[in-house]
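Heads up, the chain below is alone and in the form predicted alone; it's given as structure tokens.
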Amino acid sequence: MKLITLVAKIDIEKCTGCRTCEKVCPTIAIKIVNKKAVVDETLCRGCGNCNQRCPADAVSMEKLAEPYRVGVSIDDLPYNKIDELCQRASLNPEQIICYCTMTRAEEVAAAILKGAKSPEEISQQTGVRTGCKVECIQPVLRLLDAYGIKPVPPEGGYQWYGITPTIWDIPSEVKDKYNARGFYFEEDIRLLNEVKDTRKEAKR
């Protein structure tokens, strides 16, 4: 999905203005205008979410005459800034957080450091969330939160859900209660911290 080859097209005759496409678009590329869907092709990343969910079969995906790539460079930022943001989000900067687009945490961090303030803007810039659209919202929200940004979900949209707790967020009283029952919270945290910190020094 980093190489954008498709764009959503609306069959106005079939479109009922139900807003489903608007609600599921991860880049907010579709709006209902005068009870009909309108695609902003500069924002569409060809993910097909609208096409897959339109109850009226009014959306088709057409090949672009000139495919293009999306992505945010990490090369024009001090890597320690990227690393610090990823560490605050408990993510290894090199880990892949969107397997559909092979987007790494460092690229999303770079997008945020360059001004992206919402999951939608990050998706527009990096392509993240334009594959399965399921798992990668969590690390995106964690990175935004680590930067001090608390975005508001698009009104009436289904594009994303709230951030879920990680093992680092478990209260001490919960750990104390369940440690005696075979849970190994501290051991798990140590292991995950090792993963988070692996190869960190290599790019500094």
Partner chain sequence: MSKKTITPQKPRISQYGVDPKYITKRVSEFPDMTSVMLKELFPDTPQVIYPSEKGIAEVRETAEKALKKIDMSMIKSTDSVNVCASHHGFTLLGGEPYAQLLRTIRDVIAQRTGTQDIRLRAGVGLRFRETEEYIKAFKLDEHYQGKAKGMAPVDQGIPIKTEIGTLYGLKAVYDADWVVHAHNSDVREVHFHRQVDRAVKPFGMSYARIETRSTYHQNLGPRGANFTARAIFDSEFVQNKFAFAAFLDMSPVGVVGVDVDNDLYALNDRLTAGGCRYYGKIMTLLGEIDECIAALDFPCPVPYVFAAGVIYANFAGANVDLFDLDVPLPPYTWYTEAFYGKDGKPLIDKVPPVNPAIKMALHNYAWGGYPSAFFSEHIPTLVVGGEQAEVMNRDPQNIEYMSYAVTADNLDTAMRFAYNSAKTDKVIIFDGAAGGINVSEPLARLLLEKAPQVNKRVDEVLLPKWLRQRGIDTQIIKAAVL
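Rigid core (definition): largest C-alpha set, two forms, superposition within 1.5 Å. Numbering follows the first chain given and starts at 1. Every value quoted in this text rests on a predicted model; they were computed, and no experiment measured them.
The discussion below concerns the form predicted together with its partner chain, not included here.
J.: Is it true that M102, C136 and G182 each have at least one non-hydrogen atom within 4.5 Å of its partner chain in the predicted bound form?
T.: Judged in the predicted bound form, M102, C136 and G182 all sit within 4.5 Å of its partner chain.
J.: May I ask you to check whether T126 falls inside a 4.5 Å heavy atom distance of its partner chain in the predicted bound form?
T.: No, T126 is distant from the partner.
J.: Given that the partner is absent here, does G162 sit within 4.5 Å of its partner chain in the predicted bound form, heavy atoms only?
T.: The answer is yes: G162 has a heavy atom within 4.5 Å of its partner chain.
J.: Would Y147 count as touching its partner chain in the predicted bound form under a 4.5 Å heavy atom rule?
T.: No, no contact at 4.5 Å.
J.: Should N92 be counted as a contact of its partner chain in the predicted bound form, where contact means heavy atoms within 4.5 Å?
T.: Yes, N92 sits close enough to its partner chain in the predicted bound form that at least one of its heavy atoms falls within 4.5 Å.
J.: Looking at its partner chain in the predicted bound form, which residues in 23-46 have at least one heavy atom within 4.5 Å of it?
T.: The stretch 23-46, when checked against its partner chain in the predicted bound form, contributes V24, G46 at the 4.5 Å heavy-atom cut-off.
J.: Tell me, please, whether between this form and the one not shown the C-alpha of D188 is shifted by 2 Å or more, with the rigid core used for superposition.
T.: Where the cores coincide, D188 still shows a C-alpha shift between this form and the one not shown that is 2 Å or more.
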